[in-house]
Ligand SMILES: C[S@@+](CC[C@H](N)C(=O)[O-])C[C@H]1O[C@@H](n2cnc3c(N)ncnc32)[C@H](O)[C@@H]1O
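The chain below stands alone, shown as structure tokens; this is the form predicted alone.
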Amino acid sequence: MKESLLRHLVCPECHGPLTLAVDAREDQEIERGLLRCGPCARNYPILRGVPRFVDTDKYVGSFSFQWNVHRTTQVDSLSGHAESGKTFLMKTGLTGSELKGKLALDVGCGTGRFMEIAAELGAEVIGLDLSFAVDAAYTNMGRRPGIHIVQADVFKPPFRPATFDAIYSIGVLHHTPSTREAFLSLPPLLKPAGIIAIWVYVWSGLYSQRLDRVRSLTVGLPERLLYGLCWVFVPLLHAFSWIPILGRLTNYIPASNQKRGLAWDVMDTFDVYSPRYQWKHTEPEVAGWFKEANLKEIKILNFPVSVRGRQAGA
């Protein structure tokens, strides 16, 4: 944790100011310490460079496992591809002119793949994640200038109102108990005229129904067992797709096949079948949340369901 992060943080319970006690430091990073809230007397540890406003990963244990196993798979600078940069633009529409010199919040930062893109576009970025993916993100990004990582709950974000110039969340809010409620916790954190952009899973009829049938069998499996099964069945389903009769199985057991390597497809398939929550939504539904939050300039982007809007000006 960089000491400069403290000015953006408050107690997530009472919104009181926090004081910092440092136990161990390495260069500009506080590796171990404590954040204390005077008004409500709560303490929040800083462990392995990350301030921790939760003591458990609650319902996102599969992501704690997934992103520490696949710490580098989707990070452009560590994997040699440019997929994260393309995805960021396609699903948020955010550009350098909107981010340069601004403070941005990455909600559900995972391994930090999109934090890297936002930082390259000139933003100072704070990544928030409930899971222990924050450890992977800190290893990947945490020591870079202008990047901060926080383990916290989106329903109780440890930030003051009107803190951020931009907020984005790509593929995360639908993994909470309520996508709508998770989204509505974010607009109050925007500065006047600040931008928010999200991408959530789309409801796609028969495909979604088939996927959810399989999910009903997989969600309760131990993470390591399900992950091992993905390494067995994903290459089999890839092979079956070329065989006329067996290929029909791929219609009933959807598996990732994105032509980015087997590790990516195994990870992606595990990502689909392991989370406790995985809601799907329509564009009118999500746009309705933006209206409910009194956001302006609401725009539905080309990749469903990607929506962005702006906080009213001062």
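For clarity, every value in this text was computed on a predicted model and none was experimentally measured. Each residue number is its position in the shown sequence, starting from 1.
The same protein has a further form, the form predicted together with the ligand, not shown here; the description that follows concerns it.
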Report task. Please pick, from P158, P187, G142, G108, the one residue with any non-hydrogen atom lying within 4.5 angstroms of the ligand in the predicted complex. Result -> G108
Query raised in the report: Which residue among F63, Y44, W289, F270 has a heavy atom within 4.5 angstroms of the ligand in the predicted complex?
Result: F63
Query raised in the report: Any of the heavy atoms of W279 lying within 4.5 Å of the ligand in the predicted complex?
Result: no
Report task. Indicate whether the ligand has at least one heavy atom within 4.5 Å of a heavy atom of F114 in the predicted complex. Result -> yes
Query - Exercise: D153 in contact with the ligand in the predicted complex, heavy atom 4.5 Å - result: yes
Query raised in the report: At the 4.5 Å heavy atom threshold, is G122 in contact with the ligand in the predicted complex?
Result: no
Requested in this report: Heavy atoms, 4.5 Å, the ligand in the predicted complex: which of 230-238, 94-102, 123-131, 209-217 makes the cut? Say which one.
Outcome: 123-131
Report summary line: When the ligand is considered in the predicted complex, the residues of 167-184 having a heavy atom within 4.5 Å of it are I170, G171, V172, H175, T176
